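We begin with a single chain expressed as structure tokens, specifically the form predicted on its own.
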Amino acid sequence: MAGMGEEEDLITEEDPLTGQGDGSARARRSPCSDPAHWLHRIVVLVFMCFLGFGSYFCYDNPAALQTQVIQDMKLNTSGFMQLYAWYSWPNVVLCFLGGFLLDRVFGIRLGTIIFASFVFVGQIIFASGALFNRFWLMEAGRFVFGIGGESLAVAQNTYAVNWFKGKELNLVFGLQLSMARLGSTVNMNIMGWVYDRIKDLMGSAGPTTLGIALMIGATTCLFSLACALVLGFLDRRAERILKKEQGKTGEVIKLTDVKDFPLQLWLIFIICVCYYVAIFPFIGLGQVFFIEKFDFSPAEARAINSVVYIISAPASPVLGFMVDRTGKNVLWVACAILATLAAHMMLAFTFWNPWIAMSLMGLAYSLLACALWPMVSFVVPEHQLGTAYGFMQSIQNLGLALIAMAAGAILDNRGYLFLEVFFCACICSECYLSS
């Protein structure tokens, strides 16, 4: 009788979604709809990878349309680079608050949808600023876009940990990074073509043509928002079926921990800032550089400007595996810095084919990302990791905002050669600190 009672309990226990007995419901679910099956998790992974596609695609819309934005909106380079500065300003603060909002306020599902909505709305405002020929509205759009962009990346990583914790996690992070770089690459190579097709239809260039092109770019953000909604549904469904808790970021932010940070961690922060300010502002301004110095066509310039992202997509997982196997993070960071310095010096002082320098920069960028960020966990205890990474991202965004404005001013007043010397100086300061 005891055995029959246990069997009856198994049969009559209801599935919270179907109302059927759990055993029979589980048996009738196909592998693609069973949250415990690997096929279902692959479906989730597809939506997870595309979650950040729109954000990365639209982040570098200004770089892909550098000439068009400057001409149509009647800007100088300093004004143009404000579009990158306004993205970074909110993230000086939100790097601390994003994980807290996901964990304690919104929850991962609602938080992801909210941040994806900020990205979409921000891009719409940005495009509307061009349509109405109001540059201040474009800046406001980039600010709203920035509110969602970095926090959406935190949400994406949280979903990955929640669904793939264990031996698959490194591969999943590598795939997510590859998809992000794919978004950046597609943007660099397609937005100029989109602008040209709209110009042909309109009969002339101008703010309206630019605004329509940016509105078309916003469809990628809408697609990412749709992925956030589907992920929310799938995660809620899995939570009810598998009786699991909603994912947490694992970030515990305590600003009082900052006073206990060791000197090595501050050096990592400075190296991070000095490195990234020599990469992203250069890509933001790179298209015109390749047109002016190497006499490339706009299409060729856009293609070469995207090489860093093209290489980063497949190289990041491979280089991450290499760093994990060797464990010599400091050595790999030094190699990445020296390679980036060599790439900038080739671009500044030679007329060698820039594909060489940009390919080297792409490999170095991927290598540094794989080697530098894990070093934080080597020098601070686990309970301070959330604060350390939040502070690192905050300083990085502050540096990017300030250097974006400085790079625009240098280019307006001194030209590309002086700007490249400035980037080389930033990297040389890294070489001194890393040694």
Partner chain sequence: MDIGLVQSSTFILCLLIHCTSGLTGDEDDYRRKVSMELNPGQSEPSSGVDVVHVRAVGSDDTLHFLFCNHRAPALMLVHTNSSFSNVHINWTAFLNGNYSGSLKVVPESSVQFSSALVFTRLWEYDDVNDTADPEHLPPSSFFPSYELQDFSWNIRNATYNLTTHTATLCGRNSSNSFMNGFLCLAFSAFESRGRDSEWPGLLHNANSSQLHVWLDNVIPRSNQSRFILEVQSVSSAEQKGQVDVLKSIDDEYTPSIFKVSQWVSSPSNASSEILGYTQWKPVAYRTEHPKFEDATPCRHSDPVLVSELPPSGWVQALFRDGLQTSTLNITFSIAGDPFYNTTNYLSWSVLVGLGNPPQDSFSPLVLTIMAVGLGTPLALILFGGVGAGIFKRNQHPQGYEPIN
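All values derive from a computational prediction rather than experimental measurement. Residue numbers count along the first chain shown, from 1.
One more form of this protein exists, namely the form predicted together with its partner chain; it is left out here, but the text below deals with it.
Practice task
Would you mind picking out the stretch of 69-77, 261-269, 213-221, 125-133 that comes within 4.5 angstroms of its partner chain in the predicted complex, counting non-hydrogen atoms?
Solution key: Contact-bearing stretch, as computed: 69-77.
Handout entry: Y195 within 4.5 Å of its partner chain in the predicted complex, heavy atoms
Key = Y195: no, not in contact with its partner chain in the predicted complex.
Problem - Contact flag, L137 vs its partner chain in the predicted complex, heavy atom cut 4.5 Å - result: Flag for L137 set to no.
Exercise for the section: Indicate whether its partner chain has at least one heavy atom within 4.5 Å of a heavy atom of T350 in the predicted complex. Expected result: T350: yes, in contact with its partner chain in the predicted complex.
Practice task
Examine D324 and determine whether its closest non-hydrogen atom to its partner chain in the predicted complex is within 4.5 angstroms.
Solution key: Close contact is absent here: in the predicted complex, D324 is far from its partner chain, nothing within 4.5 Å, heavy atoms only.
Problem - Answer option from A342, I113, V92, A238, heavy atom within 4.5 Å of its partner chain in the predicted complex - result: It is A342 that has a heavy atom within 4.5 Å of the partner.
Exercise for the section: May I ask whether D60, L65 and F118 each come within 4.5 Å of its partner chain in the predicted complex, counting any non-hydrogen atom? Expected result: No: no residue has a heavy atom within 4.5 Å of the partner.
Handout entry: Contacts with its partner chain in the predicted complex - residues in 284-319 whose heavy atoms fall within 4.5 Å
Key = If the 4.5 Å heavy-atom criterion is applied to its partner chain in the predicted complex, 284-319 yields F289, E292, K293, D295.
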